[in-house]
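Shown next as structure tokens: one chain only, the form predicted on its own.
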Amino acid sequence: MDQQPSTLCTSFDNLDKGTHICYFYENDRDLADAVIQYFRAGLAKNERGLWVCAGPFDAKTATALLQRDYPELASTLETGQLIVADYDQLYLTGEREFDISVVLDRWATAVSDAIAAGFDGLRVAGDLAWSRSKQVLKEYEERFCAFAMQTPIVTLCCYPLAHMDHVDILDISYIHHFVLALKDSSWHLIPSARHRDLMWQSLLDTLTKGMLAIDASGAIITASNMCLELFGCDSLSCLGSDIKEFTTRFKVSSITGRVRPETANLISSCDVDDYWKAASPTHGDLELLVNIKVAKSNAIMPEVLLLIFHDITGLRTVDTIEGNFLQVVSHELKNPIQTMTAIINLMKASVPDRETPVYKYIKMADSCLSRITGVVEDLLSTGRIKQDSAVINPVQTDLKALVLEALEPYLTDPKHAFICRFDKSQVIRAMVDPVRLHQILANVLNNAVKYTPPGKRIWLDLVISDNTATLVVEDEGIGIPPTELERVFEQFYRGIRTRGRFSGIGLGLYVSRCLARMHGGDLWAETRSGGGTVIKLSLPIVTEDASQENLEQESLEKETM
């Protein structure tokens, strides 16, 4: 056989272990083309190849073909990474019988030998032209498929098309994961309908939440029973043919605006969470937490999008209970913290020499207690925010002075260089709650210090524009990925770069943004050019006229008293 250019465009590189493929070939050229490409991919992945020959090639002919036309593969024969054998060595017993249990044991041994020799698995191409009993062959393929799914083996079962009728082709194709077929002058791997259905059913059986699956075009593929029940449907067609029809039929909309539910193609490179509203004919108005997850394509399924619905309509009471719990716990912690603070202050006063080890230990304890106090304050604020009972007591204050006061404890830290870009002599008047503003500043500065390596710089600036003052805190720290710039302000969210590396419970920025917005301002994050993070806090400032009116009102109130 003359070597021909390969027409096989399908990649065999990403086949999962356990993948079972069938191929109906017309002639020896097609068979060799498919098998050679198949083995090339496996050898590149450090798999051992095993070519079991029958039909147009016996082991001797296949070996000669490799040595003549594929020298790069022939060299692997010497190393033992590629083995060529006749079918009777694997499929038949000493009595020339085909015993399925014996054959499966031989495959298990071949896999074990490959692993013991240092390979990452076994890639097999087996020609089944020798079989004369289609029924026995189908039984064997069924049992082999179950065996392969639990074994580091990839298998290409080759059948001569001339020996197959239409029923045989359908039956054998149904048993395998893929069918290798010629389409538009190229070879393609076509997923088996049976195994796609099995994978979906396995997925649905493990779900306890409402799940809707759509493909890249937005068409609805399947849904869990809980999803059907949630939207009052007794069949998949009741949900609609695609995501557009689904969102129209059930009046679905995003509460946050983060994701447009009616978008036909929601598939993106990362998972997203959102809050949606919907109208169910059986359950009325719904509020849903939606986990939007991309299920990447694998050996069985193409890429799909999973919408996992959590009905949170009835959780308002639970949310209130959580708020009460946080407040109770926070209040219970505040009393012992206040006692410990008083004791530490007494200990400081009793040790006049600040250079002694004892005084340094006291300072360490004081620093740890300050961090605990900050966490408790955030918990207490979270509980109040959840109950809509958080209040601020604004007074006219010099914003610049509050920033410098909050910054002072950090200036003694030799690990970081703090650089103030604003004019320290200027007066910036704002109506703020000094206690709550200090809480915001402490959270922002703590994060800058925590996530910035020693020796790096942290800049602070105050920018005035359109009756708004914006505090800009810029650092050379680890930075925040663009996809997380908003998520870091969510309750209890920890960024992917901070999980397991830095302490914290993910409340500081959540509470700080809530408090900033209660002041009529805002808090947000940006990526710093050159690495690091920029946190910006905007607050409305008091104009000269408004400042004079406030002073006159305060004077009048004092005279009245």
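Everything numeric in this text was worked out from a predicted model, so none of it was measured. The first residue of the shown sequence is 1; numbering continues from there.
A second form of this protein, the form predicted together with a small molecule, is not displayed here; the remarks below concern that form.
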Is there a heavy atom of residue 224 lying 4.5 Å or less from a heavy atom of the small molecule in the model of the complex?
no
At the 4.5 Å heavy atom threshold, is residue 478 in contact with the small molecule in the model of the complex?
yes
Evaluate residue 66 for contact with the small molecule in the model of the complex, applying a 4.5 angstroms cut-off between non-hydrogen atoms, and reply yes or no.
no
Can residue 448 be called a contact residue for the small molecule in the model of the complex at 4.5 Å between heavy atoms?
yes
Pick from 78-86, 426-434, 113-121, 480-488: which stretch has a heavy atom within 4.5 Å of the small molecule in the model of the complex?
480-488
Looking at 516, 509, 35, 50 here, can you tell me which has any non-hydrogen atom within 4.5 angstroms of the small molecule in the model of the complex?
509
